[in-house]
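Just so you know, structure 1 and structure 2 below are the same protein chain in two forms, each on its own as C-alpha cells.
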Structure 1
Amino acid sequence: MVKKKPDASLKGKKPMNTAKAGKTTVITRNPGHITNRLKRSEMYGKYLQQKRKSKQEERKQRIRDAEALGEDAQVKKAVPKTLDNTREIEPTLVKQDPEVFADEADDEFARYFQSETPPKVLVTTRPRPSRHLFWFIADLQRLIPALHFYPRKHYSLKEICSFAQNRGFSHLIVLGENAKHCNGMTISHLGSGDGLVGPTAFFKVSNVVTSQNIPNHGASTKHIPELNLHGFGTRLGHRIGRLLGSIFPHDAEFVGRQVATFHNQRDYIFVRHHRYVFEEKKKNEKKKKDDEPEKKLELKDRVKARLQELGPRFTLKLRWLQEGTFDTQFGEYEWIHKRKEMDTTRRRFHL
C-alpha cells in the first residue's frame, strides 16, 4: 500500500482533522459567563468574528436590495445604538402628566419658580479647607446670584442650618474636599416662608475646572442668568431639577446674555455657565460689477452667534436625597443610590 505524501504547505505540521470542519457553532451571546479563561477567550474571538461577518452580510444585502429597487429605493439611515436610546424604560418617567404638574404647582419650590420669593443662598465648607476650594467658591458666587459665603469654623451642620434659617436664607450649600479637590456638595432647602422645609441632597462632585483654567473664558456680569434644565425625565429627576433650579431667581435679565445650564445625561449632571455672543459676519471684499445690484442680506446671513464659556465647569452625581433639612441620625431618606442593587445594567438610569 502506497503512503500518501503530506502536503508541502504543511511544512512538517500534522494535518488538521477535517471530520468536523463542516460544522460551525453559532454563538448567540457574549461568552462572558464562561468561567474557564482559555475557553472564554477562544469563544470570544469566535463571537467577534461571527458578529463581523453578520454585519458584512447585512451591508451586502442592503446594497443588493437598493440595486434591485433602482430609483425607487428609499435609503434608510441606520440609527446607531447608544446607551441613551436603548435605556431601560423607567416606570416613573413623566410624559405630560397633569397629576405631576399639579403636584409641582404646590411643592416646596413653587414660590421660587413663580418668582414670589427670591432665593437667598448660604455657602460654607468643611472644617479647615484649602485655598483651592475658595477659588471654586468665588466662581460659584459669579454663577449663582445672592450667594453668601460664611466660614465653617467649628460649627456643626445642624447649628449652621438653624443659623441660616434665623437669618432668612432659603438654601444651604456645603462643599466637601479631599486632597485639595472638591469632591462633595450638599444642598439643603431651608424653607421659603410657607413652612415647607427640605429636601436635602448630596452630590458627588468631579471634574471641577475653575474659570481661570478655562481657555478663552469671559468675565461674568452681575446680571441674573437664564436657567436651562435639560434631561430630567423621571419623578426623581424632576425633583432634583427643581431643587437645583430653586437656587436661581427666575426673572432673568436677558441683557446680560448669560445662561446657567444643568444638563443631565446618564445620571451625570453637567454644570456649565455661558454667554451667547452675536457677531456680524465680514463682508466679501470681491469687487462687483457696476451693473450687478447689491443683494440685501437677511439677519441670519449678516449675524452669527456663538457661545463663550464663563466658568466654572463641574459634574454632579446624586448619591442620596433626604426629607427635611440635614439630619444623618433621624432623617428619612427618599432615595439612596445603592450600587450593587441598582447598577445591575449600564442601561438603567434614575434621573
Structure 2
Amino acid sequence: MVKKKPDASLKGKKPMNTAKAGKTTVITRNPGHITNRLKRSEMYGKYLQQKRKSKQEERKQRIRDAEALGEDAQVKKAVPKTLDNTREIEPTLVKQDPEVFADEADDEFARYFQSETPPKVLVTTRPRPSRHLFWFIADLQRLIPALHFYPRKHYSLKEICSFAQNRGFSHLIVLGENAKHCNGMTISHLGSGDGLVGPTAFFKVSNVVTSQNIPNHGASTKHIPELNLHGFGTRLGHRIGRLLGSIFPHDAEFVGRQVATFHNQRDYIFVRHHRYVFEEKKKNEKKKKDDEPEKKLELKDRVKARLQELGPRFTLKLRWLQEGTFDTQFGEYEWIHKRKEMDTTRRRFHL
C-alpha cells in the first residue's frame, strides 16, 4: 500500500479527522460546566450563535408557512415566557377547597371579614423616629380608617402589646426605620377580646412615596375605602392577605369611591390608594361608512374607570410570620424565610 502524501497546502498543519470535518457539533447545553475559562467562553459564544441561528430559522419557517397558507394563516401569537408564566407549581395553591374554606371560616380573621367586630389599629414607631416617618404615618392615617398613633417612648414591644390589648386595640403596626427611610413593618393581630390571638407578620418595606411626592395626587376623604386583595394564591398568601385585609372595616362606603389595593406579584405586595371614577364613552359623530351600522359597544368598552392616586405608595415583602403576638424569643414561626433553602430557583414564589 502506498501512503497518500498530504496536500502541499496542508504542510505544517495537523492531519484532520476527515470523518468529523463536515459536521459541526451542536451545543445543546449551556456550557457553564466547563471549568477552563478560555474554552468556556469560546463554547458559550458558539452556543449563543447557534441559538440565534435556530431562532432566525424558526422565524423564516414561520413566515414561509404563513405565506403558504395565505389567507387561512392563523396567526399564532407567540406567548413570551415570563417568570409569572413559568412559576413553579406550588402544591399549597388554594383551588376551591372546602377544607380551606372551613379553615378560614374559623380562623382569627373571620370576625373582621364578617363585620362582627370592627378593627382598631395602633401604630407606633421605633424609639426616636425621624420626621419622614411622621409624614408616612400621616399618610397611613388617611389610608387606614380607625388608625391611632401613640409615640413609642421606651416601651418594649411585648409591653406595648399588653397595653394595646388592655385598651381594646385589635391590631398593632410598628414601623421600623433606618437612615430616614421606613424599612420595616410589623403587623400583629392582638385579638378581639374573646377571639384567638393571631399571628404577627414582619414585612420589609421599600419604595415609600408619600402623597406629596405623587404627581397629580388627590386628597382622600374620611370614607371607608373598598378593599382589593389581589394575587394571594397559596395558603401562606391567603393568610397574609387576610391579615392585611382585617385591618380595614368591611362595610365600605361606596359614596367615597376610594379603593385600597394590596397587589401581590412575585412575593412583593404593592400597596396603593386610589379614587376611581366611571366614565362613559361619547358616541362617535363621524361614521366610517354609510352602510355600516353604528356598533353598539359592550359595557366594558363603553364605560371606563379613571384612577387618581391618593395616599402613600409602598411595597411590602414578607420576611416571617409568627404564631401569637410579637415574641421572637419564644414564639413559633409559621413561616420564616430561609434564603439558602428557599431561594434556590428564580421561579419559586411563596405567597
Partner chain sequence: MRLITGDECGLLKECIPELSRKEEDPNAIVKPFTTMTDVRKDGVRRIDPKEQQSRTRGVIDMVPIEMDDEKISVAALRSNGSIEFWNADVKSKRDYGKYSLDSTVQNAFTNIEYDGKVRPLGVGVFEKSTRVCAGDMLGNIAIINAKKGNVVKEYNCYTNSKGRTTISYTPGNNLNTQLATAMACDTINGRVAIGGRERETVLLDLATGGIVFKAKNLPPDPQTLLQQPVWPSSILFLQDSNIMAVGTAYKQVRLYDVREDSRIRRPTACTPEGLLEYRITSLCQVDEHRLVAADSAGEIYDLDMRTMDRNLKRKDNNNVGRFVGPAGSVRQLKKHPTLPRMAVVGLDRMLRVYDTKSRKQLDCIYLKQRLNCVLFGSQDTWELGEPEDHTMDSDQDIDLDDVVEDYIDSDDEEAIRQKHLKDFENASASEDENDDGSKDEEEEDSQSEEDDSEEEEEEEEASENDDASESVEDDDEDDEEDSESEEGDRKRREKKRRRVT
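Everything quoted here is computed from the prediction, not taken from an experiment. Under this definition, the rigid core comprises the largest set of C-alpha atoms superposing within 1.5 Å between the forms. Numbers given to residues start at 1 and step along the sequence of structure 1.
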message = Of these two forms of the chain, identify the one that is the form predicted together with its partner chain.
response = 2
message = Does L307 shift between structures 1 and 2 by 2 angstroms or more at the C-alpha, the core having been superposed?
response = no
ask   = Once everything's superposed on the core, is P31 shifted 2 Å or more at the Cα between structures 1 and 2?
value = yes
ask   = With both forms fit on the core, has E323 moved 2 Å or more by CA between structures 1 and 2?
value = no
ask   = Core overlaid, R40 C-alpha shift between structures 1 and 2, how many Å?
value = 2.9
